[in-house]
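In structure tokens, the next block holds one chain alone, the form predicted alone.
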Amino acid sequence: MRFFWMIVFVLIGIHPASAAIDAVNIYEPRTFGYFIGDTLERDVEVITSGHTELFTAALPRPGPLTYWLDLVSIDHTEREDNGRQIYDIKLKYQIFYSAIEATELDIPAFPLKFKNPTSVAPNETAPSDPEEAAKKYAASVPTLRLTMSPLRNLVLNDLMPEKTKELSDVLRPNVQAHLISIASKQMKLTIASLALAGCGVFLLWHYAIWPFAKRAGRPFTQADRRIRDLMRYGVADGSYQDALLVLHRAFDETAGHRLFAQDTSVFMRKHPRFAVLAPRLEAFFESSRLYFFSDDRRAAEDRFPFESVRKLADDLAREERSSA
């Protein structure tokens, strides 16, 4: 009975020895039959125990590795299984090597770095041999050798025995360069340019801009432009008087005769598009009467200032164009 219990305690006290870096499993793609532009993926599984962790910040970064190879992306995930950390790494490469004949190329190896690389699992002792410790606490992803395939067949043996084995003997000559007709595109470009120019001329005519600045049927548009020019010289007495006169001449040209304050209602009936501005038109004529036929010009300017004259001219010009 004592012997039985001794065996039980011995079995209970035995723990499986587990290294700090348990395994690095690599699942490789095929190693042959690659052409320029092809992509391939390598899956790496790293298993650690104890306090050892994979230093993921030291993994390769996407970008060119050699003149013919790019690391397109690298993704990694982490999971835990029975107290061990498992890191799944997926590396995606793209090949840019144009092989003239079947060629072997190597995807370079890279080391794996770890945090706390000398940690051990519970009830395990660190190895005393330096070489054994170096193997136990270090790992890397090895080189992968690929066989590149050419895009064209260059096997010339016994193909043309009477000629030299030159590539030019089996390849067709390049197509002779020739001009491509662009007559239809030129015609479309010409039509589009003429249409654009026509639209530009129409807009100039519609807004009475040079060379149509003095076109008939746009008196308020011309008045608005002249009043804006007057404002550049400041709001002086002369400028205010000129602005009133400019706008009066625009009313006269639109009505076809001299327009006075008492004629505004008739003007509104003949030109209903300006009816929305009736209160401001009456205020304008009243202020104009005070300015020209009284001695209190300051009161007229206070009642309907220069800015109000400009805004009225701008609104009249807009209504004038919208009715066209």
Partner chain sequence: MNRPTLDRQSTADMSEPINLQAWRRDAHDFEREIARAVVGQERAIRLLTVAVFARGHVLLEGDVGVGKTTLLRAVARALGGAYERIEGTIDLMPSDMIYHTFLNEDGKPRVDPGPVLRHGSDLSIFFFNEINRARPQVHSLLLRLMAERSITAFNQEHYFPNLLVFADRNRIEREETFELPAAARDRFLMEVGIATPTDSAARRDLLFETKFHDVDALISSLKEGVIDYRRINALAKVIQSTIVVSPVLETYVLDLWTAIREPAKAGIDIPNVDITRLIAGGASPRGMSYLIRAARVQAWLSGRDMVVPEDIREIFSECMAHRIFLAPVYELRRDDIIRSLIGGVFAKVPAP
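Positions refer to the first chain, counted from 1. Model, not experiment: these values are computed from the prediction.
What comes next is about the form predicted in complex with its partner chain, which is not displayed.
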ask   = Does residue 105 reach its partner chain in the predicted complex, with heavy atoms at most 4.5 Å apart?
value = no
message = How about residue 257 - does it come within 4.5 Å of its partner chain in the predicted complex, if we only consider non-hydrogen atoms?
response = yes
request  = Check whether residue 28 has any heavy atom within 4.5 Å of a heavy atom of its partner chain in the predicted complex, and answer yes or no.
outcome  = no
ask   = For residue 262, is any heavy atom within 4.5 Å of its partner chain in the predicted complex, or not?
value = yes
key: Per-stretch contact check against its partner chain in the predicted complex, the hit in 241-249, 182-190, 141-149, 96-104 (non-hydrogen atom, 4.5 angstroms)   = 241-249
task = Name the residue from 32, 67, 293, 55 that puts a heavy atom within 4.5 Å of its partner chain in the predicted complex.
result = 293
remark   = Contact with its partner chain in the predicted complex, heavy atom within 4.5 Å, among 51, 42, 271, 297 goes to 297
